[in-house]
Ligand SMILES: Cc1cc2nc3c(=O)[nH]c(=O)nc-3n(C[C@H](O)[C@H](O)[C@H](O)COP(=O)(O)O)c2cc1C
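One chain comes next, on its own, written out as structure tokens in the form predicted on its own.
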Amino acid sequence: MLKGVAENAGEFYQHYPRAATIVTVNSNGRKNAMAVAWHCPVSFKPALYGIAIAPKRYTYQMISESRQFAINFMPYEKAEKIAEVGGSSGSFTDKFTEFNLSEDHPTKLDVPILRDAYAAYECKVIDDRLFGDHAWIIGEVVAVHMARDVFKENGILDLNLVRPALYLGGETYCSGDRESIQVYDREKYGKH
């Protein structure tokens, strides 16, 4: 594979695709939602999850005030809704009304859980640090919501039942190809 080298990273989309999610928050009785592609698990015990949000975003201000958020994992069929939520500011728009975001009830925190999500985490903020132009917010996962019928017994998402929304960068979305699934057992492939 022929590779070139760029001295300026620019938008650097090479790390995509990533699961496209919607982060939700409730602060002082006002709800908001934001599309977020920069996120990942940080720890199993305790269960910690991180999200990256620019401090200039209204959602960041709300999370800083409330010290809580939810991350909602969305199916590919809702990619247009993710784009709508991501393309507007909650400081000017009630996204829940404007984009008809239906909610399920949270169990531990006061954060919106999106009904269309196949999984969602309620997170209590335990750390918030600035790195470059984004803040890295770490939340302790205090509740997990999931559509049990779309996960296999081992906890892995069944791609025959749900196609996760994936973000490629540059406002481009796709879905996982269920025909490409391969399992490589650590017991077999980890011994060298």
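Residues carry their position along the shown sequence, with the first being 1. In this text, all values refer to a predicted model and were calculated from it rather than measured experimentally.
Here the subject shifts to the form predicted together with the named molecule, a form of this protein not shown in this document.
Can you work out whether Ile137 and the named molecule are in contact in the model of the complex, taking contact to mean some heavy atom pair no more than 4.5 Å apart?
No, no contact at 4.5 Å.
Check whether Tyr49 has any heavy atom within 4.5 Å of a heavy atom of the named molecule in the model of the complex, and answer yes or no.
Close contact is absent here: in the model of the complex, Tyr49 is far from the named molecule, nothing within 4.5 Å, heavy atoms only.
In the model of the complex, Phe151 touching the named molecule (heavy atom, 4.5 Å):
Phe151: no contact with the named molecule in the model of the complex.
May I ask you to check whether Met146 falls inside a 4.5 Å heavy atom distance of the named molecule in the model of the complex?
Met146: no, not in contact with the named molecule in the model of the complex.
Decide yes or no: are Ala37, Arg57 and Lys95 jointly within 4.5 Å of the named molecule in the model of the complex, with each residue judged by its heavy atoms?
Checked in the model of the complex: all three residues contact the named molecule.
Residue stretch of 153-161, 64-72, 123-131, 28-36 approaching the named molecule in the model of the complex, non-hydrogen atom distance within 4.5 Å
Stretch with heavy atoms near the partner: 28-36.
Going through 81-112 from first to last, which residues have a non-hydrogen atom within 4.5 Å of the named molecule in the model of the complex?
The stretch 81-112, when checked against the named molecule in the model of the complex, contributes Ile82, Val85, Gly86, Gly87, Ser88, Ser89, Gly90, Lys95 at the 4.5 Å heavy-atom cut-off.
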